[in-house]
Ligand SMILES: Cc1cc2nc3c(=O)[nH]c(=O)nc-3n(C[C@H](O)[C@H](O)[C@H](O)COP(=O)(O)OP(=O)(O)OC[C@H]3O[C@@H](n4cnc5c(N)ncnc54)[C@H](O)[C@@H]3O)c2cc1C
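Given next, in C-alpha cells, is a single chain: the form predicted alone.
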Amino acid sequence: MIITDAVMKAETYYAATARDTAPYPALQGDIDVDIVIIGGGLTGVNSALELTERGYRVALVEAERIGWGATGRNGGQVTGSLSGDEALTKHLRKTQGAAAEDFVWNMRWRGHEIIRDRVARYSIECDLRHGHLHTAYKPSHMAELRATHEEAGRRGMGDEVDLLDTAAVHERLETPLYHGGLLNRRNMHLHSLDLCRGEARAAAGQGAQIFETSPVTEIIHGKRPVVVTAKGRVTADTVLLAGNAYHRLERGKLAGKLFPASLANLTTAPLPEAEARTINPQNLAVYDTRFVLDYYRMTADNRLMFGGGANYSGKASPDIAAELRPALERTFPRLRGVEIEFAWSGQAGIVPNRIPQLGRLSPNVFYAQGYSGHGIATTHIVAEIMAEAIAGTMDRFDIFASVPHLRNPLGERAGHMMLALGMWYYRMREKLS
C-alpha cells in the first residue's frame, strides 16, 4: 500500500532508528564546573568531548534530547564544502596573503579527520560510508567542478577525486538528470544522530555531566557566570553558547545576526536490495550544483533519504513529503509512487555571508553558530577551535571572531523576507543562465 503524503509520520528517520536512546537526567540543583555548554547538538557535544579530553570539568545542558535539533534532522553528508569559503578567503587575504587559500583548504578537510578519529577511538556505530558525487545540473556548471578537480590535484588529492562525464555519472546513478560530476572518495555520509549520541557517550565517559530536558532561561554574566534552568543552576569559569538556530538567549547582542531556515528531508520505505543497487550502485551521497540544491543518499537499511529546497519564511512547510516528492521522482523515475515513511524539517542557522559566527558575549561567555547548511563537518572543526580558545590558544578563534558580520536591525521577520528575496534572485539567475 502507498501511504499518502498527507499522513506522513512527524518523527524523523534518525530518531526512529537511533541505536542509543537512553536518556540523560534533567538538571536539578546547583553544580559547579570549569565550563558549561548550552546546546546538545554536534557543536556542544564535541566541544564537551574536546574539553573533557583536556581534563576540564564540563557540564552540558540541552533543552530537549541530545541531537534533537539540526544535528538529528540533516542529510547526513560530510563534505569538504566549507560554508562561506570564498568570503572567508577574501577576508583573510587582507592579513595572510596567499596563505589564506591554504588555511581555508585545510579547514575543508579537518572535520573529516576529527570524525574518523572519533568513530575509531570510541567505536561509534553510525553507518559511516565513504563516497560522494557533486553533480552538474547544467553543462555550464562543469566549469566549477573542473576547477575543484584541478585544485584537488594540485593539493595532493588527485587519487581521491575523479571528474566524470555524463555517461560516467549515469553509470553511478539511474537518473535522467546531470551533465557530469565530481566523484570524491574522501567525503562521507552517516547517521548523524548516532554519531552525536556516540560522541556524547564518549564525553560522559571522560567525565562530562550531561543534562537533557533542561532549557536554559538565563545566563548571568560575571566573574564566574551562571547558567540558569527551571530547576537548577550551573556556575562555571566559562560558558559556551552552542544552540545555533534553536535558542532565544542573549537576543540583545545576537538578534539579527543569524536567521533560521527550514530545510526539509524525507526517507522512503526500505527498497528491495536490487532496486537500491540499481538506482545508486556505489552507495554514494549526492548533491547538485544549484544554489538551492537537492541532496540524497541511501541509508544503511536501503531507504532513499532525499532533501532539498529551503524555506526562508521562518515557518515550517505544511506537507514536506508532498513538497519533495516531485523532485525525488524527477531524479529517480523508477521510484514514482514510492512509499514515503518519514518526512521532517530542521532549522539551519543561515548567515548572510555564510561564514560561521564565533565570538564572545563577555570575556568568559563564548558563542558559536551559523553553519548555513554545512554543519556536520564544520561543527567538529568549530568545536576544536572553541576548545582551543577556552584553553587559551586563540589563533583560529581570533580569525573567525575578526570577520565582520552584517546585523539586520529590522527584526527577524524582515530578515526572513530579505533572505527569501535573495533566494528568489539566485533561483531566477540559475534558470536564465
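Sequential numbering from 1, following the sequence displayed. In this text the structure is predicted, and so the values were computed from the model without any measurement.
Below, we turn to the form predicted in complex with this ligand, even though it does not appear here.
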Any chance S47 has a heavy atom within 4.5 Å of this ligand in the model of the complex? no
Quick one: is G181 in contact with this ligand in the model of the complex, heavy atoms, 4.5 Å cut-off? no
Contact test in the model of the complex: A200 vs this ligand, heavy atoms, 4.5 Å: no
Would A242 count as touching this ligand in the model of the complex under a 4.5 Å heavy atom rule? yes
So which of P352, G346, P225, G84 reaches within 4.5 angstroms of this ligand in the model of the complex, heavy atom to heavy atom? G346
Heavy atom within 4.5 Å of this ligand in the model of the complex - residue from V365, A389, V33, A70: A70
Tell me which of 393 to 401, 37 to 45, 22 to 30, 51 to 59 has residues with heavy atoms within 4.5 angstroms of this ligand in the model of the complex? 37 to 45
This ligand in the model of the complex - contacting residues of 191 to 225, heavy atom within 4.5 Å: S214, P215, V216
